[in-house]
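One chain is shown next in structure tokens, namely the form predicted on its own.
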Amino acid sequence: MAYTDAKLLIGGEWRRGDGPGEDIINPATGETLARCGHASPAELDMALAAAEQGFRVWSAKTPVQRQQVMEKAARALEAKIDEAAVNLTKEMGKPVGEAKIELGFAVDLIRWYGEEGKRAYGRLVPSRNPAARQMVTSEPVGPVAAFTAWNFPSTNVIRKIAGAIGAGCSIVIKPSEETPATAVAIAEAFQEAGLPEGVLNVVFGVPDEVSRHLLASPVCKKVSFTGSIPVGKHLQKLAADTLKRCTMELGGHAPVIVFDDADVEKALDAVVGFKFRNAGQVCISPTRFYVQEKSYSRFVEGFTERAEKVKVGNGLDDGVFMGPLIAERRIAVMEQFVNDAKDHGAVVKTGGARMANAGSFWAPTVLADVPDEAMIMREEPFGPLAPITTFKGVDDVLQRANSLPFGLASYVFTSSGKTGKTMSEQLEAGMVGVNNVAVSTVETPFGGVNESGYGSEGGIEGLEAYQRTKFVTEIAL
């Protein structure tokens, strides 16, 4: 599967796009891979019309019929994971082994939503009138508009496609123009599976222009977005004009809280690899490390030793654990975070600078003695930076962990069941991992609170996000 120009999928037909388009850059080498076609306003209208027609066809299918198509799509994608993973690595940078795992997650998600769609149960409500029957049913909400970020070219896209299609909706999705090939591979799998025309439409373009156009239309009844908080707020305002319901999966700034009674080595084994996975470009990445005073020195030393062993390079090379940042623009952001931390008295234990590679590589970085006033403790770095500081007790660390407006994920390490329970209940987060970091699975809800967004993807909650409730009362004549 060679990396080729990314096309649009509208009404079951592939199109080059009448818009200007843009280059797709390999962040590990700086080379141009291909062109990503852009949709013109007329093509966006075509996609909306196709989704409207596709919804009529798809929503009329039985859940079993929908599941059969989704199972075929899962098999089609599964058959080309190896080739698709290489393209994912080329466009995004993560190691190819990690790309295969991500695509495998997509296959599992398609299957899970196909099956879960068969369990969109309603209920009978006992009536006060003995002659009446009261029924509550779930039905697909309608055509969906979805927008995704670049950091997980497969996961971000499939969560929206599988959830919508599994519920009986059609969808117009705009994946990131920086990582389009993976979304195209997913769409091809659904095409091969016999998905009716117009049920899945894929468009690319200037993000604000596409979102304004799609959200101004009354065709789409639902918006799902994965990306930054400022963009999420912007899209929510646009959606308000036509009162579209929204799912917002926005940024985080996940605290990691390590108590003195925790097994420090096991905590390090869990969080260090997770911190540098995808070069830290993960919304649930651990990004603020609070370590209780007696364990602090040991934790910092252990973290530094492990970080120095992380092999960084082109994700297509053997043994590479961490690839580049998505683009050159992110290098300046990392520099700003590190310099600000040093200005506030933090100590760089390892890393702290870009690497002498052709692409946009940044060294795995550990910062010790980072005060709460430093920018990196207040804003999401979205990179391979690990700031570490100390805390005294439960009340102290809870106040500091909950002091920001974000609430996506949090992680706690302790051998005390009481402490784990207290932290899981009182941390302001949509997902909490106690003595582990596995907060993202196919069958569980994924989503945040406060300014990290609302609504869930994954689990039954992810299916319900694409459904609406109808109440029917009936009296037999």
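Counting begins at 1, following the sequence as shown. What you see is a predicted model, and the numbers here were worked out from it, not measured in a lab.
Although it is not shown, the form predicted in complex with a small molecule is what the next lines describe.
Put simply, Asn156 is close to the small molecule in the predicted complex: some heavy atom of it is within 4.5 Å.
Shown alone here, Gln236 lies farther than 4.5 Å from the small molecule in the predicted complex, counting heavy atoms only. Contact check for Gly227: a non-hydrogen atom falls within 4.5 Å of the small molecule in the predicted complex. Contact between Glu116 and the small molecule in the predicted complex is not found at the 4.5 Å heavy atom cutoff. Contact with the small molecule in the predicted complex, judged as any non-hydrogen atom within 4.5 angstroms, is confined among 390-398, 306-314, 174-182, 85-93 to 174-182. Of the residues Gly163, Pro364, Gly252, Gly198, just one reaches the small molecule in the predicted complex with a heavy atom at 4.5 Å or closer; this is Gly252. Put simply, of Ser211, Asn402, Ser138, Ser217 only one has a heavy atom within 4.5 Å of the small molecule in the predicted complex, and it is Ser211.
Here the marked residues Pro207, Cys283 and Leu408 all reach the small molecule in the predicted complex, each with a heavy atom within 4.5 angstroms.
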